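In the block that follows, a single chain appears as structure tokens, in the form predicted on its own.
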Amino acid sequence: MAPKRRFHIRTYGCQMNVHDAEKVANLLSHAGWVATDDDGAADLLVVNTCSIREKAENRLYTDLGLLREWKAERPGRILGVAGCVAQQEGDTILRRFRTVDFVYGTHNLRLVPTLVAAAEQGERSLRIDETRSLERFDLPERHPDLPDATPGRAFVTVMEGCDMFCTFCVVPNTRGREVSRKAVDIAEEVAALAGRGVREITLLGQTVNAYGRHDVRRGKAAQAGTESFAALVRRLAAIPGIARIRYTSPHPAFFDDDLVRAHGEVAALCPHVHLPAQSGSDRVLERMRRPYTSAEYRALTESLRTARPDIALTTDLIVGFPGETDADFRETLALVRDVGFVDAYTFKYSPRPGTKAAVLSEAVDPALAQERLAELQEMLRSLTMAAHRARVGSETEVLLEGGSARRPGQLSGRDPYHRVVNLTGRAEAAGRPGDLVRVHLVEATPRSLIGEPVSSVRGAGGGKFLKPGAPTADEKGRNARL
């Protein structure tokens, strides 16, 4: 009997890309392939790409150049390119890199086994056609032999695509228009995950809280099988075994009163919102085609804190957008300071092909953009450290993920506020990946918290995480109301 062939997937980019890689790994496992963490041992390598930033795109071309040697080392090896750059560049990749056997876009991952089989017969393939069919979400259950990279946690796609067309963003061109899955199908997937021991789910979508919005607005939600995003959250929170619910990435424009209230009423909904702001300047926001002002953004954060006083807020911020003045940048710093973000993803503006911002005038000098980025990151580091220090001495609950990256022999995980917590003591004494452990926080670092295990638990939530400088909430009273 011939040994099974092995595959490896390299993934760059967002959580959606990570989840797409999980889906492809499952499809290949069902097709008889075996996963390996070592690309040197792989017979098939899929490079899953991202095009949000120019750096990620350039990395693909560097990788493909280096992979010529990988392909030549063993006859019969197969190389594929997937994801947003594949959707965007398509046939250009096949023409430029003869070592690539197939390219498929964001709507066609279900076809991977077919593309691989064709490559085994010497055929080179391209599939970047778009579809609004819900069939793209119809995938087999997880193969029993596929290793679980994140015990106790799982991503769940609820919608794909984006209709917003921000001037800096290529996503509508690479992921297509908004498409929402049926709520009953999502609930069935989550119930199956809970049955496998998953305690925490993260709901995914390019603008995840836009889920079902078009159907709800047109009065066709029942016919389409969708509902409001807040209703979906409440539905999933009622599934036995689900202790935590997260979602990413929402759009500020799609928060309604029900979703805000859910943060104070749904115990499983984690007290953390990643809320992309992009800029604190109204002038820049308008040029970005972001449909809110800095005042409206601030009002949203305050409403979330009213519903859940201990909520942790993180964000995305771009500096150096075309036409950004020093005054605009100072308004971004003011927003960061006023909101008191716990953390942020920060970027220098990167022009993307096919976007309106790519042809805007008034480009910001790269050296000036770098200076602004450094100043912004320094402010954020101080906010993160202050928030971490404020939590020392309190307790929280940590979903264990695995070994600590910085403390060999110890376990690490995340608490409800999505902060990394490294545990003191030996791993075997703390629990196993996938366990929820009560932890007493004893030390703060710039990137994580350090805690001592207290006990294993079955529920979710706990601890406290207030805006730096905010008054302490009566946590026991709040939990009692929940």
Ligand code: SAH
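Each residue number is its position in the shown sequence, starting from 1. Computed from a predicted structure; not experimentally measured.
Unshown form predicted together with the ligand; subsequent notes refer to it.
Each of 53, 290 and 316 is positioned with at least one heavy atom within 4.5 Å of the ligand in the model of the complex. The closest non-hydrogen atom of residue 107 lies beyond 4.5 Å of the ligand in the model of the complex. In the model of the complex, at least one heavy atom of residue 352 sits within 4.5 Å of a heavy atom of the ligand. Contact annotation for residue 247: none of its heavy atoms lies within 4.5 Å of the ligand in the model of the complex. Though the partner is left out of this view, residue 276 does reach within 4.5 Å of the ligand in the model of the complex, counting heavy atoms only.
The partner is absent here; in the model of the complex, the one residue of 294, 412, 206, 384 having a heavy atom within 4.5 Å of the ligand is 206. Proximity to the ligand in the model of the complex, taken as a non-hydrogen atom within 4.5 angstroms, holds for one residue of 168, 255, 137, 155, which is 168. Judged by heavy atoms within 4.5 Å of the ligand in the model of the complex, the contact stretch among the candidates 94-102, 195-203, 344-352, 261-269 is 344-352. With contact defined as any non-hydrogen atom lying within 4.5 angstroms of the ligand in the model of the complex, the stretch 71-86 contains no contacting residue.
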